Ligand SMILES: C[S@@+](CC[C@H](N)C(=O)[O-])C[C@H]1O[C@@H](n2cnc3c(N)ncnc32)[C@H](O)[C@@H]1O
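Here you get one chain, nothing else, as structure tokens; it is the form predicted on its own.
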Amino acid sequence: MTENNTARIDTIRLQRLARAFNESAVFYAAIDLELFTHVSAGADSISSLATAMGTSELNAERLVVVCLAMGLLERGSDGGLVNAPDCEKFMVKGSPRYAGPWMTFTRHEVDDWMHLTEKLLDPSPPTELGLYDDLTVERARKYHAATYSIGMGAGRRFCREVDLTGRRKMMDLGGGSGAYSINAVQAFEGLSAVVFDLPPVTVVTQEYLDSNGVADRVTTQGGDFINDELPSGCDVAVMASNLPIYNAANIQKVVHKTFAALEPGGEMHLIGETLNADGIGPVDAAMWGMAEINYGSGGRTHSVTECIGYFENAGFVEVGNVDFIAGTLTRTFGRKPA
């Protein structure tokens, strides 16, 4: 008898995809009820969590069972509940690295995603700015409360990976909360920065600069980096986490403009959600491009190969690309010849 080594095809993966929204809903509820905060503070049983969260023990049990299954909670050596390491680091309210606002940042879009089919069939032409059309200061404040909660960590990582010693002035394109600039001027003596973003955003940027005590070293300039003149006198430029908002023509335009604006010998770093060189995955990067359909923009996901091409076409040399946050962000970089 010949053994059949053909892998069995079943519906398990497809069923998981069909109900993936359930996991998001559980995660949101855990954040709402401050589950991870209570566990960190010592509520390590279902009964103590029920009291802390204000739920019945049955509902606390339901939530704990799923969070254990999802790997958000774990059992400690004594059998009590403990947060998974990432939840302990990022999901405990009041901690310096609390990222709750970022994790719930797209929660209001759930209904939009459930109507994706209609959006894909909609023949309406995209706008240039999408989400940023008719942006108000209040909307910018809410938006960047989320980006700041995760952006400060990204800014610290950037400063660990990129040595800006000797650089004089950084151009932070679409810098939002100013997280990269804040960290850069704190990490490198003699460096100043300018955050270039839409005028309503720069009002919010100034608030973060003031609260971090760097307003004497970081300035703001309102404008649209696609169509307006960029800041001058900069020898380093950073454009972070807004890559999928724009189409290929606009990204190439911004990279060209940045090359022209940089001082000779200056460097540019483009940090964004990028597809692998072959254009296949990762899923997170692909989804950021798809998300732009909810904003009506012409944005899309760009591949590592494309990003390198944008830099080389603009005239940058020593162009390269490295992982910034594996599976999520890469960093494309290049130098303007002296």
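Start at 1 and count along the sequence shown; that's the residue number. None of these values were measured; they are calculated from a predicted model.
Just so it is clear, the following notes concern the form predicted in complex with this ligand, a form of the same protein that is not shown.
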In the model of the complex, does every one of F36, I46 and F90 come within 4.5 Å of this ligand, counting any heavy atom?
no
Which listed residue (G153, G223, P231, P101) meets the criterion of a heavy atom within 4.5 Å of this ligand in the model of the complex?
G223
In the model of the complex, the residue from V255, L72, V201, L209 with a non-hydrogen atom within 4.5 Å of this ligand is V201
Which of 259-267, 159-167, 139-147, 72-80 lines the interface with this ligand in the model of the complex (heavy atom within 4.5 Å):
139-147
Although this ligand is absent from this view, report whether N183 comes within 4.5 Å of it in the model of the complex, heavy atoms only.
no
Contact test in the model of the complex: M171 vs this ligand, heavy atoms, 4.5 Å
no
Any chance A240 has a heavy atom within 4.5 Å of this ligand in the model of the complex?
yes
